[in-house]
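A single chain comes next, written as structure tokens; it is the form predicted alone.
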Amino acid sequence: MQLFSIFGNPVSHSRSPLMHNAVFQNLNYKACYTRTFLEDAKKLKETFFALHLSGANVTVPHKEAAFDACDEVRGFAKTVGVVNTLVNENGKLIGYNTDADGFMYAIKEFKKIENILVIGAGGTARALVARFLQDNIKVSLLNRSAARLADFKQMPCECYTWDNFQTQQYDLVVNTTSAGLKDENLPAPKELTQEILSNTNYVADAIYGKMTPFLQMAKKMNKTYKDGADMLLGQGVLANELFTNHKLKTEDIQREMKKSFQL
């Protein structure tokens, strides 16, 4: 019996156990998935092996620390320096990033996305910005403070703080901050958020399972919007393929994970 988990702070809200356990149980794969609340990111690797895990997902705020904890990083995670999926490979911690492709899966129904504004400058934002740029999409980034923008300024994207932000017309605005997850906050001051949303066609929030104030505002403004559920599903399917070493069919994993969203 293999054991998997998700590391985060907070982590009690995570649907990942429901998703992965639905796959394991319904496809007769001998594994179990749980949650691990982790305050100190420096203890991630130590905790991973102490729990005898075969793999794990990593959520906020530990995705960048997860990159540093790995013995080896592969694929897109190497490009962005952010890891959200860990696999125990013969005692070595191998890191991957499934967030970005999961998000591309989520927004495939949106048409003609050529100009995106990303709000926030954490691990999820870094992965998404790099992925958007890969597809030659114009990207702007907005964060409360300038300190976290340093890494993004190395990328070909426009970086702003609340103080110097200049609104443009966007095809899509994405909130990657935790604003609205455990509170009723917006990812930016109310007037600025209203101005941003009035200048976009589509709106997405990485937070799932809750109608955040950000999405509530988008709804009131008659914008086409979605929460992070599809992103969660997309990255979850990719992570499960890594956990099971591609022994299960992708369409079977996706089918069972989709069913888990009805629980």
Ligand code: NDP
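All residue numbers refer to positions in the sequence shown, first residue = 1. Since this is a predicted model, take the numbers as computed values, not measurements.
There is another form of this protein, the form predicted together with the ligand, and it is not shown here; the text below is about that form.
By the criterion of a heavy atom within 4.5 Å, Y160 is excluded from the residues contacting the ligand in the predicted bound form.
Within this chain, Y208 lines the site of the ligand in the predicted bound form, having a heavy atom no more than 4.5 Å away. Put simply, N88 is far from the ligand in the predicted bound form: not one heavy atom of it is within 4.5 Å. Looking at V60, you'd find a heavy atom of it within 4.5 angstroms of the ligand in the predicted bound form. Heavy atoms of every residue among A121, L181 and P187 are located within 4.5 Å of the ligand in the predicted bound form. Note that among 137-145, 109-117, 165-173, 72-80, the stretch whose heavy atoms approach the ligand to within 4.5 Å in the predicted bound form is 137-145. Only one of the listed residues (A218, A56, M231, I196) places a non-hydrogen atom within 4.5 angstroms of the ligand in the predicted bound form, and that residue is M231.
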